[in-house]
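As structure tokens, one chain now follows by itself in the form predicted alone.
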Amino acid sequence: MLAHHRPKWKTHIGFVLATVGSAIGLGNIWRFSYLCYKNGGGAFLVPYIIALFVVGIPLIVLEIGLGHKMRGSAPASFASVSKKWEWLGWWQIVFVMFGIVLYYSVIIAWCLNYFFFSFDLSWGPNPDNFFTEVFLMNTDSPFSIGDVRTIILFSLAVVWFLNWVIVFKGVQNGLERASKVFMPILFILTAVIIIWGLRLEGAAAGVAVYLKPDFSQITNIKVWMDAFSQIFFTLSLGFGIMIAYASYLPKKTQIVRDALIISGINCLFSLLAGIGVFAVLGYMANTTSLPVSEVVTESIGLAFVAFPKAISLLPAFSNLFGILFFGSLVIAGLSSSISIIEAFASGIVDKFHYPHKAVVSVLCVAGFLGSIIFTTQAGINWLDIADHFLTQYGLIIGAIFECIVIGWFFKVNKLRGHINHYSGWKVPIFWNFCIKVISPLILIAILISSLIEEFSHNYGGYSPVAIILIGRDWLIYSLFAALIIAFQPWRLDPRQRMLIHEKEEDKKVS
């Protein structure tokens, strides 16, 4: 039986832009800037850069190298290492596809709604009340589901339609072409926001609060945990995305250089986007005669409450600024969501040889239906709990196993040898130590820290039942689903499929 045709990136820049698009998401704009502000400003960059070099870059090199060597999705790659570890690849992409992207697409839908709200500043003089009481109509409990918010449902349908159109068209005509359009637009919009923000009165004070170093914070272990967690999450590690994307690369490629470029662009974007965010918050503080600390809010509140307040206070063209800001969020969100869908579709196609277009169509319909719970009046409560458990535990546990499997069972030297054979920039021997010891130990420390926090009090003040059913059990059910899929027979043995693809590439090269 022949292996199914494996698509390839048409251009190298297409691969780089697609992986950068996957890495750069909504969190780069609102999560990093808040963490930097909270954890010592410029001093936070010290643990952040260390985290980049001892966890971020080593793991992204691992994932790109693994996908390139095994010529397959995350499940196919881990199955090529050993059939015993196939479940790990499935678990990574199952809870990301049927967990993270379900609520992530709803946040993109909110951004799309706010993009149109920006035309007439619909949030009015009280954006906080508008967001929670008018737009979301938020209920107090996750189990007080309430009604579906039609305005969000409609935007969600648009988001999933765009996801479908892009991924349906395949690697070259869909993902690559969209990335070549999305990423330049995102960079331009972000540059405009930064330049515009820095010209506002009070902007310098806001940026100073954002970046002024407080080196006393470096001795705080929580600051280091936040730095390592942010690096891990921001590079889309543990999603199975980098493995799938790397499997579409040609045989001769620059794995190490690409990993450094992707990591560097992602982190630089986060830093610069934070300057734009805090420049505008500085203007808001100046206009309202409040300290910056009183106008800064965390995470979703920063984008949908604090920023609309600041936009309303702008002296001119406030509508246009809102359009640019929320337009950039929509693009950043879509560039990440399409990569998640492709990572899962790649796994299904690899194992069962179903047609890619049919798989993507079914996934997008299922994804839209699964997302509807997050469009209800209790949606933000479900979103908060699911996001906390899936990212804080699912991704971390998956990455720990990833390091153990490649570092100790597969023998990391094999992968290092493969990377160095094809890459002009060589992986040093220290990388072995990072994958086998440093990265898993740090991830285990983050996991233990999170568990200690978890047992000390109920997350978000939610009831134990809500936390168990929406948070913990979501992870458990996704693991069961991964095990069930892993036990299904392959249409073609993954190692045999890998060898067939290698022979086909060798013929093309010769």
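Just so we're on the same page, rigid core means the largest C-alpha set that superposes within 1.5 Å between forms. No experiment lies behind these values; they were computed from the predicted model shown. Throughout, we count residues from 1 along the sequence that is shown.
Unshown form predicted together with 4-fluoro-L-phenylalanine; subsequent notes refer to it.
Indicate whether 4-fluoro-L-phenylalanine has at least one heavy atom within 4.5 Å of a heavy atom of residue 28 in the predicted bound form. Residue 28 belongs to the contact set for 4-fluoro-L-phenylalanine.
At 4.5 Å between heavy atoms, is residue 79 in contact with 4-fluoro-L-phenylalanine in the predicted bound form? Contact check for residue 79: no, nothing within 4.5 Å of 4-fluoro-L-phenylalanine in the predicted bound form.
Decide whether residue 101 counts as a contact residue for 4-fluoro-L-phenylalanine in the predicted bound form under a heavy atom distance cut-off of 4.5 Å. Although 4-fluoro-L-phenylalanine is absent here, residue 101 would touch it in the predicted bound form, with heavy atoms inside 4.5 Å.
Is residue 280 part of the interface with 4-fluoro-L-phenylalanine in the predicted bound form - any heavy atom within 4.5 Å? No.
Can you pick the stretch from 172 to 180, 235 to 243, 349 to 357, 115 to 123 whose heavy atoms fall within 4.5 Å of 4-fluoro-L-phenylalanine in the predicted bound form? Single hit among the candidates: 235 to 243.
Please pick, from 439, 336, 190, 375, the one residue with any non-hydrogen atom lying within 4.5 angstroms of 4-fluoro-L-phenylalanine in the predicted bound form. Filtering the options by heavy-atom distance leaves 336.
Any CA movement of 2 Å or more for residue 35 between this form and the one not shown, core superposed? Yes, its C-alpha moves 2 Å or more.
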